[in-house]
Ligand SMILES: C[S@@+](CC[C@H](N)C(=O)[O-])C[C@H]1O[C@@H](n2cnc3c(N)ncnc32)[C@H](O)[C@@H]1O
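First, one chain by itself in structure tokens, the form predicted alone.
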Amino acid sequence: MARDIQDHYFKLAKKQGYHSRAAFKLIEIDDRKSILHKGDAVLDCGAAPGSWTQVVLERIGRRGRIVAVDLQPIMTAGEDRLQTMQGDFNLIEPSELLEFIAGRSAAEDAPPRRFDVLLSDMAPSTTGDRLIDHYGSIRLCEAVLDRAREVLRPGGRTAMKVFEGEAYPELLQRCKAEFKTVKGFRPKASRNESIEMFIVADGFRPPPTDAAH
């Protein structure tokens, strides 16, 4: 039965023109949690091959913008609403990530636009050791939250993949400190044997900046 379900999503992705079955994870997350809105600016981390990017483009409308980043080439292209960047998202300057969505504000002194949504389907290079892979996944999520402080607007939303394990509750607590609502979610399209979960959070509350001493 499990194999039939996985084959179903693989065939469905091929039929509907998605690069991978992972598209249906984001579709279910958004259908259930409503994290993507028309006109949103979205940062998609770990975007390759580009199936999440395809879903985002379908859901943010013509006024939306998306920046997709991955170490590997991203197959989705040809959209004036999309900028793809190949590289380590930790090493890309925030200003470079934000440049594509900047736009012009009516007020000259208005702060630059930030992303409305930060997505991460990133996973570490797996070793087969669940503990090592779990902590590798936790580090990626911590990096996403660190980057949110620089590029996500107050009130913004996120969905990020994490491998379950002993550090998961601590990560969840950090999310709850920085977002108004936080839920763990496991899409039906995830493989039965997978330990992946998605943390879906809304209402970003940037931590106060350190005061100068």
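So that there is no doubt, residue numbering starts at 1 and follows the sequence shown. These figures come from a predicted structure and were not determined experimentally.
The form predicted in complex with this ligand is left out here; the points below concern that form.
Between 152-160, 66-74, 178-186, 29-37, the stretch whose residues reach within 4.5 angstroms of this ligand in the model of the complex through a non-hydrogen atom is 66-74. Checked against this ligand in the model of the complex, the candidates 144, 48, 57, 171 yield a single residue with a heavy atom inside 4.5 Å, and that residue is 48. Using a 4.5 angstroms limit between non-hydrogen atoms, residue 132 is distant from this ligand in the model of the complex. Remark: residue 102 does not count among the residues lining this ligand in the model of the complex, judged by a heavy atom distance of 4.5 Å or less. In the model of the complex, residue 121 approaches this ligand with a heavy atom inside 4.5 Å. By the criterion of a heavy atom within 4.5 Å, residue 199 is excluded from the residues contacting this ligand in the model of the complex.
Although this ligand is omitted here, in the model of the complex none of 95, 97 and 203 has a heavy atom within 4.5 Å of it.
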